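Below you'll find only one chain, the form predicted on its own, shown as structure tokens.
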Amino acid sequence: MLLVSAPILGVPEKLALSKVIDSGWLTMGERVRAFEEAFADIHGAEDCVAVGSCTAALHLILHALGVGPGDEVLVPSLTFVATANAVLYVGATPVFVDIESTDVPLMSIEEAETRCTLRTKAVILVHFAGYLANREQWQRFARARGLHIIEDAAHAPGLREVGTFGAAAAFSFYGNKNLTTAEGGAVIARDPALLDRIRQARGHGMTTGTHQRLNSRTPQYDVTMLGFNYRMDELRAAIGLVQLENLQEWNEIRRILAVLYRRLIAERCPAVTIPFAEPRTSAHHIMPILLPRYATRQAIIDELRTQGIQTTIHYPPVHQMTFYRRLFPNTNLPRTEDFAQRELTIPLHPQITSPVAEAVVTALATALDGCARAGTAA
């Protein structure tokens, strides 16, 4: 099966893990700190905080900014559910905002304006598929209203612009991401005081960690804030350090493949559209396409699967999921809903070759022809 995404893991990662095991120190030690420094450096930041997941990163950012009960946070519905969940974690209310268009499936700034209230305290911008939101427009929007900008950059590691939009950016190193540590995440924040609060809250609000106490030769510590157990371990950090060495090269391969896909699909599947037609900075995390209205998406999925090609959907709208539909029953986001009904994600990762990409598009063309013939027959 050709997977939509596939981690690249090999001998270097195995060696790195072995060294951690041989060292006998497994959690929050020198490798975590080295990974934080290297990840910050690749983004042009002074520092960052490594955590257990992107969800933890979003939660910590909101918590450290003081977002809480009575506050509202603007979020897209076209995202993974963790974006909205993190808002609920701090007792605030997620307010779902429609996308700009099916060509630019990022949060609409015009729609955001209509959903702002006196209780709105922050906006979470999701760099969907790795494509960056318009930084200058959102900064003007936030400044005019006194809002915090938080970046959900789960899809966009390695881009130096990420982490420069506002208060902080949250990253994911889940197994399907451009860089993986199996589970894991990180926070970049330009304000050292904010980053310090996030770092302390990551480990139960303790004033020192175990490794720090070992080096300082004193077992004493204090707890000065509410904290969580959101630490990254040495094993994941070791994998991350190896992965970081290849991130920029892998992102470039993704970019080349995305360009190839666009050309092949335009030639062989002209009824299919691809979001972000205009050039835009991207880490090319996934390859979303928009099927024509005559196509039955499940039929396309089934046909490609018979040819050994996995596809998926990014994303089922969060506001239509049972839990959120019960909380916010009257939410209607027509552009998000239209996009989500027709979106299909095809394989994109650095192990794909040009012939493989051509085979994917050929299979897609065959599946679309089948849908067209079925529609004509009906």
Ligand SMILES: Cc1ncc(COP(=O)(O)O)c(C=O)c1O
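All residue numbers refer to positions in the sequence shown, first residue = 1. Worth saying up front: this structure is predicted, and the values here are computed from it rather than measured.
Only in words, not in the display: the form predicted together with the ligand, which the text now covers.
- Contact annotation for S172: at least one heavy atom lies within 4.5 Å of the ligand in the predicted bound form.
- Put simply, T311 is far from the ligand in the predicted bound form: not one heavy atom of it is within 4.5 Å.
- Mapping the unseen interface onto this chain, L132 falls outside it, with no heavy atom inside 4.5 Å of the ligand in the predicted bound form.
- In the predicted bound form, the ligand sits within 4.5 Å of a heavy atom of V126.
- Out of the listed residues I188, I150, A154, M232, A154 is the one that sits within 4.5 Å of the ligand in the predicted bound form by at least one heavy atom.
- Screening A82, L159, A201, I265 for any heavy atom within 4.5 Å of the ligand in the predicted bound form leaves a single hit, A82.
- The candidate stretches are 30 to 38, 49 to 57, 330 to 338, 347 to 355, and the one lying within 4.5 Å of the ligand in the predicted bound form by heavy atoms is 49 to 57.
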